[in-house]
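The chain below stands alone and is given in C-alpha cells; this is the form predicted on its own.
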C-alpha cells in the first residue's frame, strides 16, 4: 500500500486499523506520525527498548481489548539505535499481539542485503505490518505499508488520507529503480558501513558522546540546548550542515547535533567535520 508521504503511511494506516475497542502499545521513541495514528484508539507507552515494561503492559491488557498492536521503529530516528526485534517478536507471540515495525532508517543500511533491522534479527517474515518511507535510502517522496493482501485492500478504501489526497507524481517511478539498486549495487551499502565506522570512531576519539547508535544516524549529545544551537551555528559557518535537535523533539536535557552519514561522503568530507568538532570543542 503506497501513500504520498511516510508520515501518512503510519498515521493514516493506524487510524484505520485501530479504534476504541483496540490498544496500541508503543515505544516512547517512535515517530510523531505513530502518535498521531493512535489518536482514535487506546494507547500505552513503554520506556525506550524496555522489554520488562513492555511485557508488564502486555500482561495488564490481556483480555481487555479486541486487538493489541505493538508499534516500534527498527532504527530510531534520534539516537540511531536498533530495537531488539527478536525479543519483541517473542513477546508479541506470547501475548497474542500484532507487531508493526517502522524501518524507515534501517532499509538500505542495516542487514546483510539491506533489508533493515528485521533482516539483522531474522524476523523479516514474522512482522505483521512493515512501514517506511521513500525519503531516506530511496531519495524520493512517499511512504508504504506492507501488510496481508486483505488488510492492504482495506486500507486502500478506508484510509481517508489516501482516498482524498493527490496521487504521487510520475517521478515516483524512480523509486522502483532505487529499490532494484539495493541488490544490484551492494558496494554502496558496504561503503556506507565503512563511513559510519570511520566517522563514529573519529567522534569518540575526540571524547564526544555518540550514544549507542548502530546505524547511519550519528548524534553528538551535548545536553544544553543553548550550547547545542551554538555548535550547530558554528558548524554551519564551517560549511557543514547538521540538525541541532532540541525540545520537544527530544527531552530538554538530551539536546544533540544529529547527523546522517551517506555512502557518497568522502574521507575529506568526514575529516572536515571531525576537524570542525575538534576546533569547536577547543574553543567552547
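Positions refer to the first chain, counted from 1. These numbers come from a predicted model, not from an experiment.
Unshown form predicted together with a small molecule; subsequent notes refer to it.
The contact residue chosen from 142, 111, 211, 202 relative to the small molecule in the model of the complex is 142, the criterion being a non-hydrogen atom within 4.5 angstroms. Note on the partner interface in the model of the complex: the residue among 161, 195, 189, 135 having a heavy atom within 4.5 angstroms of the small molecule is 135. Segments offered: 151 to 159, 111 to 119, 168 to 176, 98 to 106. Contacting the small molecule in the model of the complex at heavy atom distances within 4.5 Å is 98 to 106. Put simply, residue 33 is close to the small molecule in the model of the complex: some heavy atom of it is within 4.5 Å. Contact annotation for residue 13: none of its heavy atoms lies within 4.5 Å of the small molecule in the model of the complex. Taking the partner from elsewhere, residue 79 is found to have every heavy atom lying beyond 4.5 Å of the small molecule in the model of the complex.
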